[in-house]
Ligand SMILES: Cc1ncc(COP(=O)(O)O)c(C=O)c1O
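Here you get one chain, nothing else, as structure tokens; it is the form predicted on its own.
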Amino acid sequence: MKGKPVIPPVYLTATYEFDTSDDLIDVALNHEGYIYSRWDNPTVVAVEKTLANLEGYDHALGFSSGMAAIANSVLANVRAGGRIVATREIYGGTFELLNEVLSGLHIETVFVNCWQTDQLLAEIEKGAAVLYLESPTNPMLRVVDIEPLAQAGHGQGSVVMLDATFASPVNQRPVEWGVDVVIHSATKYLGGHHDITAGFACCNQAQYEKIWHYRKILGGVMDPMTAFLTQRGLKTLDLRVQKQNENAMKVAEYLNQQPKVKVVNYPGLPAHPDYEIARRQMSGFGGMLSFELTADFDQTKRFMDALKTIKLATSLGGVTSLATQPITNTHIGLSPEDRAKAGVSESLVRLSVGIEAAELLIQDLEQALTAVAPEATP
């Protein structure tokens, strides 16, 4: 062959042809090769290998969404009567899975605030099939001190899982702290352009076999075109995230000086409660931040509606800056009591900073803040 494609082809095939029945049987039994794209597909396997290499694990498994990655990973490791210890500050969909769906399957989840390390360690000591963490957290940007919790979990035989979506592989290395399964919503930073829905679970061999088996049965596999677009996104991941890190720091510093902003949640600010953990554990502080306005729900909505450069939309991690009120979408499924426990107020705004010029984003925030009544500020 005189040449080969620079861009790997997309294998848009559901099934695969064999020369003999013995060949088919060999693939079905040994899982070396391709038989059906719900099991494996060459385009999906290619992007799985790329991400596994980025994260430092032996394997990655591609899923149709981040929630599919979470659900399959958890279900592969816990049974009826089992127990999960989880930090309370997690994505709303994950909380609903653990709190509602799994409780209906007689699986108990104990939620502990992520900064209450002693209480977390005490609950881990009681035993847990899964220790489920998220860092930085959605939407409060708390940073969990992962290594001591992972060590405690392993001491009790727990499988340690971490949703690392907000950091991306660029800003932290969970494999170095003993995390067994790293989960990403690839819809966010890995894809990076708001044009895919996908998820990954990164792990080593033992977990790979268990989670792969559940993915095969439950059917939440990534499709080939999504895998192709994710592979494209990964090529610019480092460039994008570095720019988003820089922009988010500038935006956070600006908001931190505004009288109509009560508090800014960004781990790169020295006033952040987990600043020292973030400095030790992360190589960059990320493109996500949240902040509370000195305003009520309606005034916060007016602020959201006044944004122009920053788009009013859910999701995050792409090249375009997006803002949302978590109470209206990502955490709308939580009760008011559970939202309060997680620190999600009606005046909280979550901001995903893109790669636009930071000055344009700051100008947009400045003009939108005029929608917050002066009497709302102290």
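From a predicted model like this one, the values you see are computed outputs, not experimental measurements. Residue numbers run from 1 along the displayed sequence.
Although it is not shown, the form predicted together with this ligand is what the next lines describe.
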### Message
Even though the partner isn't displayed, in the predicted complex is F95 close enough to this ligand, meaning a heavy atom within 4.5 Å?
### Response
no
### Task
Determine whether any heavy atom of F166 comes within 4.5 Å of a heavy atom of this ligand in the predicted complex, and answer yes or no.
yes
### Query
Using 4.5 Å between non-hydrogen atoms, is S65 touching this ligand in the predicted complex?
yes
### Query
With a 4.5 Å heavy atom cut-off, would you call S185 a contact of this ligand in the predicted complex?
yes
### Query
this ligand in the predicted complex: within 4.5 Å of a heavy atom of each of E134, N138 and L316?
yes
### Contact stretch among 66 to 74, 44 to 52, 319 to 327, 23 to 31 - heavy atom within 4.5 Å of this ligand in the predicted complex
66 to 74
### Query
Which residue among Y91, Y208, Y214, F303 has a heavy atom within 4.5 angstroms of this ligand in the predicted complex?
Y91
### Query
Taking this ligand in the predicted complex as the reference, which of A248, A198, V143, L149 has a non-hydrogen atom within 4.5 Å?
A198
